[in-house]
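The form predicted on its own is given below as one chain in structure tokens.
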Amino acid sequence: MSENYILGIESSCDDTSVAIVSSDFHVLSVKTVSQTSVHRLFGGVIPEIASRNHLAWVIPAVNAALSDSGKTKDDISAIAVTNYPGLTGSLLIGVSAAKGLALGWKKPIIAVNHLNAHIASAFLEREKRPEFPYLALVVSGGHTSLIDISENERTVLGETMDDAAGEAFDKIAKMADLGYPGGPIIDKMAAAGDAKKYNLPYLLKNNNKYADDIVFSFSGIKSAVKRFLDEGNVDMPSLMASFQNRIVELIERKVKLALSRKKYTAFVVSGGVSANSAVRKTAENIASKYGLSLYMPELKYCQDNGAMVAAAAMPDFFKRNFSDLDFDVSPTVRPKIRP
């Protein structure tokens, strides 16, 4: 069977990324233009600025990805692009570019759910994919979701009621004047701290209403951290270690709740926060305890990237389940998650 190559475009937030991925999930090239240095000035992503930068960089990124891969447009079998969820303006730039390329190159196009793309990031550069059914945790700046994945259906078991985990990291880092993005900064700082020094509240642990629900909430933890910051004379590494410990403890508790209700073959952990050292260690411990195969992306594929979009499109490509050119974008996850 001849090799197929998919060009993936990701523009759901503030990174413009284009990649070429082969049908065996090998990444030939990935070109990502980060806007972190721009949005750092504001302490978070400014949607209008993000979309304008996507407009400037998406086609140069396509050209660079093709050049680095050693492939031409004639070698591309299909084009994949994120169309939900995300920032509406940012999504529109990526989708418009993908549709234009599909028309100009006469290639089929595949619309991709951003959460599915994060899950697929764990399969890049790996020979095998997990057997069904498996449990997927997508934990990032915009999402904290547990998803049951069977051969023909994907069911969201639970998601956050307020902030996503990555959003909580960013808000605490901003509150403590540590910088942006907050996740990597807090993770590094927490490694030198004592997680037991500050008595921060357990999230949802004593809330009977949600004790048996697969749901996430990071409400209350930010206020608790702020109280210690306001008192002054803070051991910052230990406070950040305590905060990170509570975030990870909630994730661990809800994952174990899901695992207690159904037998799975594998555990997939992905998204930007899957780069967090405590999250990765916890995932390893859970997989070991429950006898599950563990799939996590390489660190370089944890953040938004075009390779994960191309990888997520592979099943649809081989089923010839292509998208019509009139598909739209959506800022939410309400459109059905395709299996």
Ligand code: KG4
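Source: prediction; values computed, not measured. Note that residue numbering follows the sequence shown and begins at 1.
Form predicted together with the ligand: not shown, discussed below.
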- Message: Within 4.5 angstroms, counting heavy atoms, which one of the listed stretches 65-73, 35-43, 289-297, 275-283 is next to the ligand in the predicted bound form?
- Response: 275-283
- Quick one: of 145, 140, 116, 83, which gets a non-hydrogen atom within 4.5 angstroms of the ligand in the predicted bound form? 140
- Query: Is residue 306 one of the residues lying within 4.5 Å of the ligand in the predicted bound form, judged by heavy atom distances?
  - Reply: no
- Message: Is it the case that residue 182, even though its partner is missing from this view, gets within 4.5 Å of the ligand in the predicted bound form, heavy atoms only?
- Response: yes
- Although the ligand is absent from this view, report whether residue 166 comes within 4.5 Å of it in the predicted bound form, heavy atoms only. yes
- Query: Would residue 61 sit within 4.5 Å of the ligand in the predicted bound form, counting heavy atoms only?
  - Reply: no
